[in-house]
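Taking the form predicted on its own, here's one chain by itself in structure tokens.
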Amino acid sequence: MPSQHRLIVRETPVELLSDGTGPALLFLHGAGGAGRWLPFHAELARRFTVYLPKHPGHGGAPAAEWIEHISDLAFHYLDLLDELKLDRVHLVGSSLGGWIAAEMATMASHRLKSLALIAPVGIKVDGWIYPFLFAMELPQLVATVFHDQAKALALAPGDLTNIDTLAELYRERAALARVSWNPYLYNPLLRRRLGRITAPTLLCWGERDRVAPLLCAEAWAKEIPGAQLRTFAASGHLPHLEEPEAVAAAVADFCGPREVAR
């Protein structure tokens, strides 16, 4: 079972789970499901020490009013690495977390042994507009994000008739909107900066993704030097939930040689 930790990073509280043995791996979650230790994390923890923080304002974690831009979250997690005394890590992020991870990589690739991005949002792709997730009712949201909708149960919120659950969801959406509302789900400056990433990079993508389809994967692969793309046939936007063993194996197999090479 993962252990729970509460840290203070530059006066911002951070709640995180950690487990495993081996080289350090920082995982940044997407919107929804903060603080859930999933089979994907358990698979990675067989070979890595996995750190899973909650984004401020997500999953019941305290909000941080100073976070107004996606780059603020990237600096926040670089500060977290300093607090944990982790000089270099394997960095993995999904969706929103992949966007944050990519921002970190453009700022400080030297802190990364490798970078694995699981269907990140964050760049504008010609010919595609991200669906407006904020306006969707839960059934539509699940149908948009997941190929196998039964897998959504792993991220299901608590009792939606409970006022505390509704308040937590409101706080989480507010925290998400602060960094992604306008422009919606992208940073206009990020795409041209992706060429600055020098860390070995793996892109993992669900072939049935309806939030950021393979057209987006091709754009990321084009912009990040040497990036490798792996696709997963039975997954939507969150392949690490829908095919956890396969995606964890792909990430571990990609990260492992980078560890030995050091």
Partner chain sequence: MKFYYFHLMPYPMEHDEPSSWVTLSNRRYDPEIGHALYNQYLDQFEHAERLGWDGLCVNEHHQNCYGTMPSPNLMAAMLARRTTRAKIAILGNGLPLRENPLRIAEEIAMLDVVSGGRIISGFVRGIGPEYFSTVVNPTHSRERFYEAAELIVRAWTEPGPFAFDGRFYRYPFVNPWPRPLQKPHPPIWCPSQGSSETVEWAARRRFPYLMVFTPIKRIAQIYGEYREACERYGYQASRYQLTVNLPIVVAENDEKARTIARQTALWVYHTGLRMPLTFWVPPGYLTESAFRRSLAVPRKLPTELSFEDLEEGGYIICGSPATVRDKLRVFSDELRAGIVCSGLPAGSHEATLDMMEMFAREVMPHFREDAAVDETAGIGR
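Numbering follows the first chain given and starts at 1. What you are looking at is a predicted structure, and each value in this text was computed from that prediction instead of being measured.
Another form exists, predicted in complex with the partner chain; not displayed. Remarks below refer to it.
**Message:** Please tell me which of 189, 167, 150, 156 lies within 4.5 Å of the partner chain in the predicted complex, judged by heavy atoms.
**Reply:** Spelling it out, the residue with a heavy atom inside the cut-off is 167.
**Message:** Since only the chain is shown here, I'm wondering whether residue 107 would be in contact with the partner chain in the predicted complex (any heavy atom pair within 4.5 Å).
**Reply:** Result no; residue 107 lies far from the partner chain in the predicted complex.
**Proximity of residue 86 to the partner chain in the predicted complex, heavy atoms at 4.5 Å** = Outside the cut-off, so no.
**Prompt:** Is residue 173 one of the residues lying within 4.5 Å of the partner chain in the predicted complex, judged by heavy atom distances?
**Reply:** Flag for residue 173 set to yes.
**Prompt:** Would residue 137 count as a contact of the partner chain in the predicted complex, using a 4.5 angstroms cut-off between non-hydrogen atoms?
**Reply:** The answer is yes: residue 137 has a heavy atom within 4.5 Å of the partner chain.
**Option from 114-122, 76-84, 89-97, 180-188 whose residues, in the predicted complex, bring a heavy atom within 4.5 Å of the partner chain** = Checking each option against the 4.5 Å cut-off leaves 180-188.
**Prompt:** Would you say all of 130, 223 and 249 touch the partner chain in the predicted complex, counting a heavy atom within 4.5 Å as a touch?
**Reply:** Checking in the predicted complex: none of 130, 223 and 249 is within 4.5 Å of the partner chain.
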